[in-house]
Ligand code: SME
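Before any questions on how it binds or moves, here is one chain, the form predicted on its own, in structure tokens.
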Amino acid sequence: MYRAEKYPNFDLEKFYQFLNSELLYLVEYEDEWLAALSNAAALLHHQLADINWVGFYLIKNGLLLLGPFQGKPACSSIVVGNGVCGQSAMRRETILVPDVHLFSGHIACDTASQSEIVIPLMKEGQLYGVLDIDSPSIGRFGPADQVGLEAFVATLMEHVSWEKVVF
């Protein structure tokens, strides 16, 4: 994903529409949740520019447990309410953090991360986890990224067989 200020003719809305269509191709007929989440993480990792980690944390007994991801090894569990991921899960809303050093309680799994966006995985009022994306650049994510990534998660939530998720 290229930043609009560097590439003034780059249309983020069209980029995220393309990304969403690629996701749909990968998950529309995928019956295995693990394969779907793994491919979704890989797709984001390879299509988004200027990120150093992308992955899923899935909810179990008040904890967010590490799921499919791309990047350096990460925190294996996060208490709901702690850090950006835990706050997003607790609030059940997207949290966009331009500078993680200014976010009280930020959990530094990778010291290279400077900004972060976390989107909750919600379906019919139930929380299944979060999508977490980190960047080594301050201010990497903006409102257009939030809208695009929320649409990405909505597509994922619609097509993943969540009733089959087993820990």
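These numbers come from a predicted model, not from an experiment. Sequential numbering from 1, following the sequence displayed.
Omitted from view is the form predicted in complex with the named molecule, to which the following refers.
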Is A89 close to the named molecule in the predicted complex, meaning a heavy atom pair under 4.5 Å apart or at it?
-> no
Does at least one non-hydrogen atom of F141 fall within 4.5 angstroms of the named molecule in the predicted complex?
-> no
Would you please decide whether C109 lies within 4.5 angstroms of the named molecule in the predicted complex, comparing each non-hydrogen atom pair?
-> yes
Examine I95 and determine whether its closest non-hydrogen atom to the named molecule in the predicted complex is within 4.5 angstroms.
-> no
Just one of 100-108, 121-129, 39-47, 22-30 has residues with a heavy atom within 4.5 Å of the named molecule in the predicted complex, so point it out.
-> 100-108
Members of 43-75 lying within 4.5 angstroms of the named molecule, judged by heavy atom, in the predicted complex = W53, Y57, A74
